[in-house]
Every structure is written in structure tokens, then in C-alpha cells.
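Only one chain is shown below, in C-alpha cells, and it's the form predicted alone.
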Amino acid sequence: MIVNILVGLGIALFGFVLQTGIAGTNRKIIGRLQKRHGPRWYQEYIDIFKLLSKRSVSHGWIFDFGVIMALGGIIGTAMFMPLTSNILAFENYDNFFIFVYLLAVGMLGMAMSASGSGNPWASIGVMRALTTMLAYEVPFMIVVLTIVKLSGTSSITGIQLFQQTAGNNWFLIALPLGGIVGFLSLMGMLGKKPFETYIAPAEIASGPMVEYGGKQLGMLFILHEISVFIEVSLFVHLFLGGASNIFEFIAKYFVVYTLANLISNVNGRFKIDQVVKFFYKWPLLMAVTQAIVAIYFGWVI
């Protein structure tokens, strides 16, 4: 058990290092596309460690405890994430629904902390974040349940191995409508435009994060990077066949995250009501159509 915990912590640390480095590289790529140099690829590391070295202002124990709860919940979630079909910390505990429950711990901790700051912008940001989550999770869960039905398992490793079996395609190919819904939902999870409604710096001054600074803001940056690692990894495992080795995983991860960033940088931002209407219109319709076609008619590519 101790070995498993250490391996899990190693996976969480690997996810933080990987995502922070790729995020910095993406800032460089976006900068070059916009005909500017952009920051150094390792600037993200410098920003985080600089913030962790500074003092921060407290708004009470709920404000402080919520940050710790959120970060602890996200690290705990990342510990269960398999990197490849044979690199995971807790065998038989990589069930998709475990990730759904554990991710909620981090979200609730963040919501509790931000609301405890007493800043109305933070409360508005939390409400927008929860509303956005409710919007994208409905079509996303329909697609995932379709994948679970077709693969016969809710284990992330099992779903990977099913796609890697000869004669089976990646679910991105086998369920094209589901793949599109999955990627749109991933954009919502990552808070990328046009779904960047809960941060909205021009409207609500960064929303939930408006009152944070110093060590607490540094911890939230770490939380953000690990959260992104979990969400992008889930997409890679569910829709792109996972990976048989770590280099394949990193390559697929880089492509998915970079594509999401490129799309985000050429879009404007929806209003919160537009986000809900969008997800409950086209993605929900595509998810239901894909489920009916795949499960009841057996039409799978």
C-alpha cells in the first residue's frame, strides 16, 4: 500500500511537471502565431514558485481550508490516473466514476474557499463555474456511458485495452459524434474560449480567484495544472486509445491540449446563458443521437 501511495504521488507530480511545461510551451507557440516572442517556456514554473515564496492575506479559516481541501482533492484524484495501460498506482481502482466523485471534492473546496472571501465577484464566478459544469457534464456523461456500454467496463485501463485490441478503432473514430461532444466538453472543463465564463477577467475580475494572492494563489495554480492534467488525460484514454508507453501518452496529450489552446485563441467568449443553451442544444443532441445509433442499432465505425 505504501508503494502504491508513493507511485500515486509520483503520477500526480509527473502530471504537474508535464502540464506546466506544456502550458509554458503553448504560451510560446501562441505568441509566435500572434507575431510576438511570447514568454519563456519555463515561465509557468517561475511564476508558481515566486508566488509560493510570498505571504498572502487570509479571509478566515474557511477561505484557507478550502484551498487546502481543493488542492488535496485534486492531488488525490490524480493519484488514481493511469498514465499508460500498465502504469498506474492502484490497480482496479481506476474506475471512471471514481474520478467523477473525487473531482467533486476539489470543486467543492474551491467553491467553499472563494465564497468565504466575501467578494461578490468570487461568488458570481463560483455560480458561473457550477452552471458551466452542469451544462457540459450532461452530454459528456451520455457519451461516456455509451463508451462504457460498448467496451463492457468503466475502468479507464479497460477502456484503453478495448481500443488497443485488434479490430477496434479509437472511440474518436468509432463514435465520431461522441468524439466531437467529448472535445467540446473538454473545452468546457478547461475553461477555454468560448466557455471561459467563470474567469471572465474583463467582466468579473477573474471570478473565483479575485481575492487570492501569494501562497494561496500559487497553490491554486498547482491545482489548475493538475486539474488540466486529469481532464486531458481522461480524453486521451477515453477517445484516443490511451497509450502503450509514456512517450505515446505525452505525444497525444500535447496534441490534444495544443489543439484546445489554438481553438481558444481564435474565439470570443460566450455569455453564461449562451453556454448552457449551446451544450443543451447541439452537443446534447449529438450525444443522444450517437448513443441511439451505437447501442440500439449497433452502428459503430
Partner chain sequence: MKSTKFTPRTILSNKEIDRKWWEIGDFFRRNSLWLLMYCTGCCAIELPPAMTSAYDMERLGMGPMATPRQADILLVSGYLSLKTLRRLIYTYEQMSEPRYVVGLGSCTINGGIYHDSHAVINQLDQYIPVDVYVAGCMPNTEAVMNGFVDLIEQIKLKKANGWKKYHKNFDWYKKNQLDSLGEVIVHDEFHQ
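Because the structure is predicted, anything quoted here is derived from the model rather than measured. Residue numbers count along the first chain shown, from 1.
The same protein has a further form, the form predicted in complex with the partner chain, not shown here; the description that follows concerns it.
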| property | result |
| --- | --- |
| The partner chain contact at E231 in the model of the complex, heavy atom, 4.5 Å | no |
| Exercise: F247 in contact with the partner chain in the model of the complex, heavy atom 4.5 Å | no |
| Close approach of I226 to the partner chain in the model of the complex, 4.5 Å, heavy atom | no |
| Residue contact check: V57 to the partner chain in the model of the complex, 4.5 Å heavy atom | yes |
| In the model of the complex, the one of P176, G214, G76, P194 near the partner chain [non-hydrogen atom within 4.5 angstroms] | G214 |
| The unique member of Y198, F140, F99, F221 whose heavy atoms fall within 4.5 Å of the partner chain in the model of the complex | F221 |
| Residue stretch of 38-46, 272-280, 259-267, 231-239 approaching the partner chain in the model of the complex, non-hydrogen atom distance within 4.5 Å | 38-46 |
